[in-house]
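One chain comes next, on its own, written out as structure tokens in the form predicted on its own.
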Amino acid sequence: MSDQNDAIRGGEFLIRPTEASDIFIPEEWTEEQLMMKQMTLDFVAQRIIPQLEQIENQQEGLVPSLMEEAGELGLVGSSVPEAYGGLGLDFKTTMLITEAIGGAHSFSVSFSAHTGIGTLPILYYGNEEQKQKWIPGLASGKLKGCYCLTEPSAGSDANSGKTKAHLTDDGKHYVINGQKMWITNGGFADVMIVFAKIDDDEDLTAFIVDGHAEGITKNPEEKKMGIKGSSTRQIFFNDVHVPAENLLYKREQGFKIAVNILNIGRIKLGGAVLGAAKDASTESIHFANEREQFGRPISKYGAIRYKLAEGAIRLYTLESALYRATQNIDDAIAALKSDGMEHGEATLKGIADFAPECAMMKVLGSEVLDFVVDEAVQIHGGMGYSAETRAELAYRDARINRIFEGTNEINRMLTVDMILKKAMKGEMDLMTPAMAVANELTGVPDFTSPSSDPFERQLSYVANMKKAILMVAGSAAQKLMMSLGKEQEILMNIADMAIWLYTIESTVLRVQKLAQQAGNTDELSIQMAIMQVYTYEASEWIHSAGKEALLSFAEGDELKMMVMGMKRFCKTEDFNTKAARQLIAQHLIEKNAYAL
């Protein structure tokens, strides 16, 4: 690993090369971590899947009791320090548990809301008395948590909420009045993190509210497209008296809590959807091997093999990117703690530094899951449209992931905004490499033959694609200046380029590290095929998004020069993707599961 002082910072993947030795790959899980994952998968297989129908019908008390069972296994309190009744696991291991719970359909949403936004605000922002009072119960699952932020008129613009709080004359209570909606676990939560504005404050303050307090009323359960088994309620606060000591952190710092907890939620969502997508992929492979048409299993047909292989490619590349980012966060947390920072504060700061990557993993993961479940329905044919199959359930459940934890559109724009803000604060130097790319455009192209080493060749493509992004982002910032923030289409083009680039690089580094560990690529034909197909196809996506952005703000000779530069920077070797996908598909079919 790199020296801590030279460790990569959030967003720096655009301007700094990364060595394969500096990333974590899923093949490096310890035996203990894999046991935690298997225990979680067993819990899902034995306790959740057999009861899916009852969960979907919201059988009274079932999800809360299952949450307590998960608590007894230590799963609910995995990220909570041992001092408060948890397991005190590192961020990476808690991500693995999140992934393993991801195939639990609605239950994974209830679980994630409780362990994330329902618990972490108190764990990371509560004072010692608050943590001692609430965290042990939340860590065991005996208390269930929820997070009350969204309002009818305040969705993406969370700070515009109208819920109010005022201090009683005796100073002992805050009285809260207002309305919250889309509250996951709202039907049974014992502990609510409620955001409100005190008097005429401009910014939100957070409160810990007893879920059974007098004055709390709830609408019936929302009727939803998917995740029907998760409790989603509208909650009304009518003169709810909250002890003054339940104010969380500091007055008018609620939005800060919301933003930082959402960073965690975003990357954790990337883990949950990875698990869900692996599950859906395996279901598709099973069906393709069992379903016969025209006298042979449909897994023998090229059209089906394409779908199985492409799903696996996107899964493998998502996993590579997700755990690279997760390890970066773990390293940042460890470095801050070694400098003497308290665990909770170090966790928040470490995650905040990689907020761009958190947003990218949310977008990438939710869209990979949507692709995999959509193809799962297609592979199942008419049966995929039947409520008798999990493919139909997975398809409906997946759709929400592109909306909550901030819509994918918001997260795309945040990705670019956060990286630009880092540059403006002097935390990273975007200008120097962007100017170098601009100078390179007017220079003589490099006609050097590609390296014969497959990884050097792939990494040279990655380096060039970084130039493409810097060219588009640098030129857009120079041309549009202060108005760039309003050019949402351009920002989303740049974000897509960054997401795909990060994923390509993560995949290449993962396969390179495997080859370095093995000493050769003899046993890595499937991984090599995935790497090459993804680099080839994602380079095309980057080229298309970059050109689209350039055409929207540049013109004349400058536009022609940059379009030529885009083509040059996104050029990769011609490659037989059909043969590579066939190889990948055959592996999946033989294993009868997503087994990579």
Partner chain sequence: MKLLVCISQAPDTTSRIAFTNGNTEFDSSGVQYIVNPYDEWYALVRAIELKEKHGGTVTTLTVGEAGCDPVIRKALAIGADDAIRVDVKPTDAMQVARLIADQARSGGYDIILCGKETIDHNGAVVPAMVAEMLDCGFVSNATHLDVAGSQATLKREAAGGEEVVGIECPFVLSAAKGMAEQRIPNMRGIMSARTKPLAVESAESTSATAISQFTLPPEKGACKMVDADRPEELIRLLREEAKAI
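Residue numbers count along the first chain shown, from 1. If you're wondering where the values come from, they're calculated on a predicted model, not measured in any experiment.
The form predicted in complex with its partner chain exists for this protein as well; it is not shown, and the discussion that follows is about that form.
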| Ok, Ile49, Met35, Val563, Leu62: which has a heavy atom sitting within 4.5 Å of its partner chain in the model of the complex? | Met35
| query | Quick one: of Gly406, Gly86, Gly118, Gly102, which gets a non-hydrogen atom within 4.5 angstroms of its partner chain in the model of the complex? | reply | Gly86
| query | Quick check: do Met39, Leu73 and Ile97 each get a heavy atom within 4.5 Å of its partner chain in the model of the complex? | reply | yes
| Contact flag, Phe43 vs its partner chain in the model of the complex, heavy atom cut 4.5 Å | yes
| query | Can Thr503 be called a contact residue for its partner chain in the model of the complex at 4.5 Å between heavy atoms? | reply | no
| message | At 4.5 Å between heavy atoms, is Thr232 in contact with its partner chain in the model of the complex? | response | no
| Does its partner chain come within 4.5 Å of any heavy atom of Glu31 in the model of the complex? | yes
| Answer range among 242 to 250, 472 to 480, 353 to 361, 77 to 85 for contact with its partner chain, defined in the model of the complex as heavy atoms within 4.5 Å | 77 to 85
